[in-house]
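This document starts with one chain, in the form predicted alone, laid out as structure tokens.
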């Protein structure tokens, strides 16, 4: 398909795949409650730790912001990276392959739907956490803050789109890798403390994950006085790196999708042998 009809099909696919995550996910009210309540419990635990050691109040803001952003990482890990493998297990993946549309449009719809759904949860966590714990937040540069946030999401979901193809190749090992990546990433990305505390070498390695630099940059813009001596890189430099990461991950996602489509047509399989 070319021209206008091709783009029409592309965007209809995006909207159709985003719909279940934007609308359908809201129908199960218990999910909405637990996706907000359970992350708040973890945030609360760290808040009481910082209060017990009499840390500056800005550290409470670090925790609340990190707890909200962790929702995006979990969404990417379980609702993006593992999604194609789960679709294969339920028998839907074959329909995706033969559908006369772009596989990137399918993944983009998943990503946009996941962003919308998770943003509602993250906003609730930040709002409730800020009011409950009286977190002092001061946005010094709103346009840059918004740019960092959006660029972080694009890079993060680009990573998820790339991992979705890789996890599909791994077959049954996909869920194991998802569990393996969950807690280590929470540590090295600095969800509940400035990543610079891990040292420059570890922080530089963790910068391969978009959420690491995104969190550090947003904290600089929301807590400027505290982050002056705790930042890893300047917010402007981190924004530039995030933009480059977004482009790289989206390109790799496209190449990975093209590879497994070629593999499916040539060999009649979508995973490594034995899976």
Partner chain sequence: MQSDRRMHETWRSFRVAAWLGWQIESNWADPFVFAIYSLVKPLAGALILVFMYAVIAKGGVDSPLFPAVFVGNAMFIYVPAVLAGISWTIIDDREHYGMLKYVYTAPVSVFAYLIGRGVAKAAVATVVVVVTLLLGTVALRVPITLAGINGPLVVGALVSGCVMLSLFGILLGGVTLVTARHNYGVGEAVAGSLYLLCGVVFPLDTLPSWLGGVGRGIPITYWVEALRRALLGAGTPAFDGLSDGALLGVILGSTAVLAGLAVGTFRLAERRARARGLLDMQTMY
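Numbering follows the first chain given and starts at 1. The model shown is predicted, which means the values in this text are computed figures rather than measured ones.
One more form of this protein should be noted, the form predicted together with the partner chain, which is absent from this view; the next part is about it.
Figure note: of the listed segments 88-96, 114-122, 136-144, 158-166, the one touching the partner chain in the predicted bound form, with heavy atoms no more than 4.5 Å away, is 88-96.
Contact annotation for the candidate site: 48, 55 and 59 all lie close to the partner chain in the predicted bound form (heavy atom within 4.5 Å). Contact annotation: of the candidates 204, 104, 126, 198, the single residue with a non-hydrogen atom within 4.5 angstroms of the partner chain in the predicted bound form is 198.
In the predicted bound form, at least one heavy atom of residue 41 sits within 4.5 Å of a heavy atom of the partner chain. Put simply, residue 182 is close to the partner chain in the predicted bound form: some heavy atom of it is within 4.5 Å. The partner chain is not shown here, and in the predicted bound form it never comes within 4.5 Å of any heavy atom of residue 150. Taking the partner from elsewhere, residue 186 is found to have a heavy atom lying within 4.5 Å of the partner chain in the predicted bound form.
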